[in-house]
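In structure tokens, one chain follows: the form predicted on its own.
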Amino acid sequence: MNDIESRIEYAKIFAKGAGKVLLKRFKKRKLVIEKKGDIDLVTDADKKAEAHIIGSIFNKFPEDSILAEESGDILVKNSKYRWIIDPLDGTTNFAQKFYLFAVSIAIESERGIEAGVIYIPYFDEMYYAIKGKEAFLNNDPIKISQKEKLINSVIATGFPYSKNENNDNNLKEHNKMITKCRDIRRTGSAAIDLAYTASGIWDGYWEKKLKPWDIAAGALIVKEAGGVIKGLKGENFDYMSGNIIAGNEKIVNLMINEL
């Protein structure tokens, strides 16, 4: 087992452990909820799940660096790998007691994102992939949708936290796309949307102004499921840009033309 294979096996363990933390808090009547912005929330569950993952990584891989949503950059000198962590993607859902939320973990080297894990605790669903290999859901291979027409496709999207403050808020794109496809869905979790796109539940997905921890793992899983990842104008995908279109090659090109 090489370095990446070892790390992704532990990433799955760490994600599942964080999922247990989240489910325990999810079942409680009251959560401690803070605001990072007018509509951007963080709960005590986010922090506890992140602490579980970070502690687990440093216990097993103390030589690795970390980028986490709540803790930011945790740099280790001369590290070969960086873990990119979203301990709770779908915090608003979680705070509302709605079950669509996920743990997302990507592992990066100087060669780019090498592995990704998305765990949906409520359904005990583990999506994962290693660069250059297949993508899986609970050990079963998954493949991207093969639809070729937008009008036959169900597409997912989301809206940035700044939607009330900035006109570049995806509303125009949404209103145009809704007339071109079968329908649009919004789960409230970019990680879940990417996992669902990788497994063919959604036929395509786009969103803007995301954070690296929202999409780093999911973008790799889509690629290894046979999908294509691009920027909104068709440029090469960069998870640091926050803009993403995902699907099979035909659907991605059609979405780029419309957006």
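Note that the structure is a prediction, hence the values are computed from the model and not measured. Note that residue numbering follows the sequence shown and begins at 1.
Although it is not shown, the form predicted together with a small molecule is what the next lines describe.
- Only one segment in the set 151 to 159, 130 to 138, 174 to 182, 109 to 117 has residues whose heavy atoms sit within 4.5 Å of the small molecule in the predicted bound form; it is 151 to 159.
- Looking at the small molecule in the predicted bound form, residues 22, 28 and 125 place no heavy atom within 4.5 Å of it.
- The contact residue chosen from 224, 203, 50, 207 relative to the small molecule in the predicted bound form is 207, the criterion being a non-hydrogen atom within 4.5 angstroms.
- Residue 88 belongs to the set of residues with a heavy atom inside 4.5 Å of the small molecule in the predicted bound form.
- Remark: residue 145 does not count among the residues lining the small molecule in the predicted bound form, judged by a heavy atom distance of 4.5 Å or less.
- Under a 4.5 angstroms non-hydrogen atom cutoff, the small molecule in the predicted bound form lacks residue 64 among its neighbouring residues.
- In the predicted bound form, at least one heavy atom of residue 190 sits within 4.5 Å of a heavy atom of the small molecule.
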